[in-house]
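Form predicted on its own, single chain, as structure tokens, below.
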């Protein structure tokens, strides 16, 4: 790292969608501008105003389809009049758009063009029926694959991965891991008031997660509990230099420091070389930890992109916490729970906090900020002195664009 870069003043809106009592699919729900304003203004209030901001970045995947709205960078001045005429850009990398927004802000800090950057991730998806939404989200893959793909395109893609895992290691073995991942996510979401599954009262989570898939109703190897939510929401955070911290009047103790990051790309026109591996994620994680100069054993917590429960299992293997084929057992044995060996997704992850696609990467960083700075409320986990690091992994498409970041607790 050419200079020190910090994250501070994170904010998440509610992840709105099915499961939240205030959500009504038959009524008009808040639009994309509402979420950008709520998240942006909350972060600006924490950094003593928009006057301190040099640049802004918006991460968003598919507002052009879900909301009939492109050109999101020009919404930034609506957040605060002091953002008028300041640089702003919108970035896109499918479901990794939020992570790309944060990394784009980081590069402005490293380049010296800014000392304070407002990064916002946003998506509003509950505007169309699920089947139309599947068509929109399918654009995260190569368009020529859509016609031959499952009606529920991405559930079909990750169902294929789950099918390969079951064929290689056993259906019952895999399902136990998937069910435990689901249960962990719901239990964690119940501790976070902004989570989509915060109000989930199911007392039989493992039994629900063990339900056998029904390919005649959905996909062959996953059931609905294995899928992330259709969600509306936004997250925001300030990305700042040391000079930026002084400008906004916030101590480094209230921030976290970025010490390593990576962005990796795979060829979108090709299918995964091995459906049993998240190979792009694996490379991205290795690169980020190498830049940070740490080993996985020094991580206190991880926020990983569990768009489907099978992605969570495969992520434990991509990180190296479990050997290939051992991820299901690693999860089933409780090692990724909030009191386990390496707590994953402490506010519910994509499965249970929600997945407003363009916001997810920013939400992950906000969660790590809250955990490492001791401000996670009921969702707080212990951060040992010998494990002062947290990590985020934000994935776009079927492991095609991956953004990984390593953060350190500030003394």
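Positions refer to the first chain, counted from 1. Just so we're clear, the structure is a prediction, and the values are computed from it rather than from any experiment.
The following text describes the form predicted together with another copy of the chain, which does not appear among the structures shown.
Screening 244 to 252, 67 to 75, 304 to 312, 216 to 224 for residues having heavy atoms within 4.5 Å of another copy of the chain in the predicted complex returns a single hit, 67 to 75.
Checking 174, 238, 100, 318 against another copy of the chain in the predicted complex, a heavy atom within 4.5 Å turns up for just one residue: 100. Of the residues given (107, 324, 150, 335), 107 alone sits with a heavy atom within 4.5 Å of another copy of the chain in the predicted complex. Although the partner is absent from the chain shown here, none of 18, 186 and 230 has a heavy atom within 4.5 Å of another copy of the chain in the predicted complex. Another copy of the chain in the predicted complex is approached by residue 62, whose closest heavy atom lies within 4.5 angstroms of it. At least one heavy atom of residue 139 is located within 4.5 Å of another copy of the chain in the predicted complex. Although the partner is absent from this view, residue 132 stays clear of another copy of the chain in the predicted complex, with no non-hydrogen atom inside 4.5 angstroms. Proximity of residue 82 to another copy of the chain in the predicted complex falls outside the 4.5 Å heavy atom cutoff. Applying a 4.5 Å heavy atom cutoff to another copy of the chain in the predicted complex picks out 261, 263, 264, 265, 266, 267, 268, 269 from 246 to 273, in order along the sequence.
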